[in-house]
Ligand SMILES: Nc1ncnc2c1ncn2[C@@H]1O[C@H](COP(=O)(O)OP(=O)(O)OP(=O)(O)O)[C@@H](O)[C@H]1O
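Single chain ahead, by itself, as structure tokens, in the form predicted on its own.
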């Protein structure tokens, strides 16, 4: 992906397997969100190709990729604040419109239960706390019947207890057979829930593999952790 005279991801080959939880870490400006934007169709790569389930999807629009099963939750939450969590999920399911009744992984009621919004399903979203607004966005993504979900710093702005609750929710989502890729700065978060981690630096991959092993990689310690071992 070229931005003026700068190129990210030049010459890399990155793949994500089904039924795994992947972490993406790196300093600000390393290309994490740009990678998500390419996967989700917000950006079309300057060179190269993107494949999903064996088929090329380069250049497809975000709504097309959503209907294929790629869900995304953003760092900055933007639910429909004038609607309730249940209505947010119902609108998402209606707009997805690509599967017949019975093909959904979850009913809307099950989504409210899973995301902890059952007792708040009828409260206008603008009146909810930040964690509940984040859960509303997750509920909206789940309503589109995703096969893979991308989470961009879902712990941002949360307290320690709320972060642990977010980790627990992501484990539950993974247990339903939904693959997960998560961008996160908190290494504890990555080490607890991820099967593999990819470390980006200046648009290149400098390390990948088991989170505990990657955290001790000298290149990662120098570039990402400032020379401090975990």
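Residue numbers count along the first chain shown, from 1. Values in this document were obtained by computation on a predicted structure and should not be read as measured data.
This protein has a second form, the form predicted in complex with the named molecule, left out of what is shown; the following refers to that one.
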| query | finding |
| --- | --- |
| Contacting member of 75, 95, 81, 122, with respect to the named molecule in the predicted complex [4.5 Å, heavy atom] | 75 |
| Joint contact, 3, 6 and 33 to the named molecule in the predicted complex, by non-hydrogen atom at 4.5 Å | yes |
| 4.5 Å heavy atom contact, residue 61 to the named molecule in the predicted complex | no |
| Contact of residue 28 with the named molecule in the predicted complex (heavy atom, 4.5 Å) | yes |
| Interface membership of residue 87, the named molecule in the predicted complex, 4.5 Å heavy atom rule | no |
| Partner proximity in the predicted complex: residue 191 to the named molecule, non-hydrogen atom cutoff 4.5 Å | no |
| Contact segment among 33 to 41, 169 to 177, 63 to 71, 48 to 56, judged by heavy atoms lying within 4.5 Å of the named molecule in the predicted complex | 33 to 41 |
| Any residue of 147 to 176 that, in the predicted complex, places a heavy atom within 4.5 Å of the named molecule | 153 |
